[in-house]
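Next comes just one chain, in structure tokens: the form predicted on its own.
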Amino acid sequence: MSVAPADTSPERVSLLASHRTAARFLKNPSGLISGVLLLIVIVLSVGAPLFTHLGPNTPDLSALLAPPSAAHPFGTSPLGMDLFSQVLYAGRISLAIGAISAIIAGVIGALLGLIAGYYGGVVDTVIMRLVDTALSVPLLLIILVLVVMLGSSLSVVIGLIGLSGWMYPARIVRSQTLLEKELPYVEAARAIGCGGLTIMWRHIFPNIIGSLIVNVTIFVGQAVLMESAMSFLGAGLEPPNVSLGYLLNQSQSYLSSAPWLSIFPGLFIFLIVVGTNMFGDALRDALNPEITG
């Protein structure tokens, strides 16, 4: 009686690899710390109505520009708005900007990187020259000019930040594709008649998505920081879409008299940026254990 060969499909190997990756990630102190930081920020922001007794635009006329207290843990604004509530609701906007911008950058970068790496030649040269050109220009200055021209709506800000970050995932995906397309499994796919799009999407992309996820994760924090810089310079979102950067912008006149107006939004931004960077680094180490031994 013949014995059926063991199932060595890519799906089974990827599933086993995901368990090993998760185990390595959980053993990394940086992964645990960053995971806790991000979880705290996300839970507080998404569940803002559960943690605040006042809305972000509800004034307390008896506590104008009040310092932190039991009633107002982060203090209040000059108009009596509860800063704790404002920070949590603004965190929602900033996290949404960071996540959606990172996804946009990752999708565009992955598509261009796959095409450049797989087809090579003139296609690769043209796409990589676009990457080099985009990396050589002052992107923040260009974004500020475009925001002035197009307006500072939420969709415009997200789109511009997303379009400013596709170059790095494109380079990463291209380099990984150049390596993967020479491996036997790709040659086997070509031998059975698979087309270029099928090979890129069904065979190469699943094997390089880990590096892309790491880059996209780190870009979330960078996008939040970029939007905060735009808002701090007065070219970011306007009410009712209040972000953490907007709160910092509004605190400039009170840095000495009411420092809590800048400390707590800045602390939230710090937690997001540091958390995403540490999380991305830990994820990279878990996906590539040979780097750290």
Partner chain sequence: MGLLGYVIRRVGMSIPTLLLISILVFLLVHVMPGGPLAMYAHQPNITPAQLKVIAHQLGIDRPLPEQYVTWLGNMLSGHFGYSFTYGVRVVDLIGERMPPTLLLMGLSFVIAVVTSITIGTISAVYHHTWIDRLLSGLSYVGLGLPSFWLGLILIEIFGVHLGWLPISGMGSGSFTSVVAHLVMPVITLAVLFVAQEARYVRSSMVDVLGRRFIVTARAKGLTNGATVIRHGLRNGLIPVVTVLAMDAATLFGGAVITESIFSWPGIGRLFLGAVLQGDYPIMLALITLLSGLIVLANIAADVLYAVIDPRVHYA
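This is a predicted model, so every value here is computed, not measured. Numbering follows the first chain given and starts at 1.
Just so you know, the form predicted in complex with the partner chain exists too; it's not on screen, but the next bit is about it.
None of Leu183, Leu197, Leu135, Leu79 but one reaches within 4.5 angstroms of the partner chain in the predicted bound form through a heavy atom, and that residue is Leu135. For the residues Val122, Ala191, Met149, Leu179, the 4.5 Å heavy atom test against the partner chain in the predicted bound form is passed only by Met149. With a 4.5 Å cutoff on heavy atoms, Pro68 does not count as touching the partner chain in the predicted bound form; it lies far away.
At a distance threshold of 4.5 angstroms between non-hydrogen atoms, Arg129 is in contact with the partner chain in the predicted bound form.
Shown alone here, Thr21 lies farther than 4.5 Å from the partner chain in the predicted bound form, counting heavy atoms only. Under a 4.5 angstroms non-hydrogen atom cutoff, the partner chain in the predicted bound form has Leu140 among its neighbouring residues. The stretch among 140 to 148, 199 to 207, 112 to 120, 71 to 79 whose residues place heavy atoms within 4.5 Å of the partner chain in the predicted bound form is 140 to 148. Looking at 207 to 235, the residues that come within 4.5 Å of the partner chain in the predicted bound form, counting any heavy atom, are Leu225, Ser228, Ala229, Phe232, Leu233, Gly234.
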